[in-house]
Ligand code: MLT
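Shown here is one chain on its own, the form predicted alone, set out as structure tokens.
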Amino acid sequence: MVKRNINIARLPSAYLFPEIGKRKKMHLEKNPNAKIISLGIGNTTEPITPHIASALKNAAQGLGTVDGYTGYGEEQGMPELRKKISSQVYNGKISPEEVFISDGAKCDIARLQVMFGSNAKIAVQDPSYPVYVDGSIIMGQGGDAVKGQFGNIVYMQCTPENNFFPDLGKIPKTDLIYFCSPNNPTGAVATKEQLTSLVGFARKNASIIIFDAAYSEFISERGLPKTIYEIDGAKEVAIEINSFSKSAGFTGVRLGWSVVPNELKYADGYPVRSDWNRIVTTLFNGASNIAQHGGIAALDDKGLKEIKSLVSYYMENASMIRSALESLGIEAYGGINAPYIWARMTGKNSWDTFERILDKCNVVTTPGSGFGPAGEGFIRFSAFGHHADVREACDRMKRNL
């Protein structure tokens, strides 16, 4: 018989979010009449806005006509969409050829892990989105999460005590640095000064930053960078990942992009972009034609206005959740420039607190420990939900916690 991939065996038995789903199902089996409200997984709930939905509809209907039908497109994405991202997101500072359209940020991260291979040493924020670590372990970058061993993976602690930014002076040299801002799960946003120091650190150590900007549209405070390329020198050391999933409600549509600047080179001077183009053309046939038409609409004037309205809707939820927690005397972070609230829950570990909130309030959350060792003792609340449900969840917590 074929032997199991040992690297997959080194992962915890269940990915974080399926485990949450399993526990929710068990709770419903014991309490069949319970009305569960989910403030856990970051899945959007509101309809795709009219202008963007119309573009998706027209693209789908066009495929049913001789003139409108399209098959395979360019693996790098539709030229019109790449141009729109270049102009609307990056103000022309990134050229269209440096933009690669994909089926989502998570998929791009996995393909980047394939590109850099099993020998790359990585650093990740702690806490951080699980795929950075789990995907790296699957790729064979050492470590055994089941045993609490992490091989070539360095954790950069980001907690309230250090203002959610690592002490770079204590971080060893690594090949890759995964950095997410606004951060999932903490909701923290790096300042320009912090990102300048991160870029300087990467340049000094000849590292490459994988900058996850999937929540950049939720940044509302002036002066906070929405892209790593607002920092001088970043094009020489950083790849940026972004997505339409949360800002345009494309979690089910699947559309994102990566930016690999021409200036980014390997130690031998070979362009990283050339390898990324090879990976994309080999392992990917391009994002859905329909989805890309939706992305084009999302970046015109009407689409951008609708996105702003959708983002505001979710941020109203975030404000409600944070206010409810603070009224209970719970220490809460985030929820201002990101749709997540990071709450310190004293007394029990994260999974015990998850169970307590589920049992007492019929509210699903996300245990902080699922995002890394520094997440223990915290709970992540997601602001994605209908206003009425979020309001009801807040009322339940105020009554029962």
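Numbering starts at 1 and follows the sequence shown. Worth saying up front: this structure is predicted, and the values here are computed from it rather than measured.
What comes next is about the form predicted together with ligand MLT, which is not displayed.
Proximity to ligand MLT in the predicted complex holds for none of His51, Arg82 and Gln292, with the criterion being a heavy atom within 4.5 Å. Heavy atoms within 4.5 Å of ligand MLT in the predicted complex map, among the stretches 59-67, 25-33, 41-49, 351-359, onto 41-49 alone. With a 4.5 Å cutoff on heavy atoms, Arg203 does not count as touching ligand MLT in the predicted complex; it lies far away. Ligand MLT in the predicted complex comes within 4.5 Å of no heavy atom belonging to Asn242. Using a 4.5 angstroms threshold between heavy atoms, Tyr129 counts as touching ligand MLT in the predicted complex. Taking the partner from elsewhere, Lys106 is found to have a heavy atom lying within 4.5 Å of ligand MLT in the predicted complex.
Exactly one listed residue, out of Asn184, Ser136, Ser102, Gln125, brings a non-hydrogen atom to within 4.5 Å of ligand MLT in the predicted complex: Asn184. Contacts between 232-267 and ligand MLT, taken as any heavy atom within 4.5 Å in the predicted complex, involve only Lys246.
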